[in-house]
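Okay, so here's just one chain, in structure tokens, the form predicted alone.
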């Protein structure tokens, strides 16, 4: 499935993007890693190299996914250097947490610009190439926060719910053109983004988000690749997480009740910080 294919991975210098890169190159794909920080991209190549047993090509591209012009320029550079892509994995993302009334509007804009528009711009840039070839694969890395509401994640949930809606619509529109969509909705997992979150997150957020077991990034990557290979549209990594997602789908009132109980037992509120 992946041998000889060219995969673009945004957020490819760290976290889940880097782990997916290791797996894809080990399965014979060429990689176009995209991130803002050139130094981190170079470090990522060194970490990915041991998995490159098939001697596949790895190229890096510095790009700000929030900037449509920057994305267009990077997409053109990829096509010029590596040819039209076969796979796009939108893994770039940021996470902000806090009580709604303390989160400034520009934080909502920052999160939406990265998590939603960053994916949108890349899809718009690669879609003409997929259509010309009559084939393509788009993988949007979302979150269980794109399915459920989570205390303290007003900005993050809004961006991921928007991404989920976009992906669902594109699945319908692009399927007749042989362009496949995958939506990945993991629970919390170990990553630099979560490490930063742990330095300031509210108690309510931590307790509720970790109602589901925290996964390793390696396990999330494994389940994502497996879902892609099976052609699964909604990929929910982790057995317990899949059970919870199904429960929420069929008995949403029950999952709301559980969440409400967790918050009641741990609520501090803005005035209770410290």
Ligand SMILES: NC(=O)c1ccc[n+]([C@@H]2O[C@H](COP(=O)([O-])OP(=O)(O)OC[C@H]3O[C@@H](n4cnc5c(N)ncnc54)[C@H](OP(=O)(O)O)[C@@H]3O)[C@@H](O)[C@H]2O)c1
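Numbering follows the first chain given and starts at 1. Since we're looking at a predicted model, the values are computed, not measured.
One more form of this protein exists, namely the form predicted in complex with the ligand; it is left out here, but the text below deals with it.
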Using a 4.5 Å heavy atom cut-off, which stretch among 77 to 85, 126 to 134, 170 to 178, 192 to 200 contacts the ligand in the predicted bound form? 192 to 200
Looking in the predicted bound form, any heavy atom of residue 223 within 4.5 Å of the ligand? no
Does the 4.5 Å heavy atom contact test between residue 114 and the ligand in the predicted bound form come out positive? yes
Look up in the predicted bound form whether residue 40 has a non-hydrogen atom within 4.5 angstroms of the ligand, and give yes or no. yes
Is there a heavy atom of residue 259 no more than 4.5 Å from a heavy atom of the ligand in the predicted bound form? no
Site check 98, 208 and 238: each within 4.5 Å of the ligand in the predicted bound form by heavy atom: no
Heavy atom within 4.5 Å of the ligand in the predicted bound form - residue from 48, 29, 65, 228: 65
Residue within 4.5 Å of the ligand in the predicted bound form by heavy atom, from 162, 94, 154, 120, is 94
Mind listing which residues of 238 to 252 have a heavy atom within 4.5 Å of the ligand in the predicted bound form? none
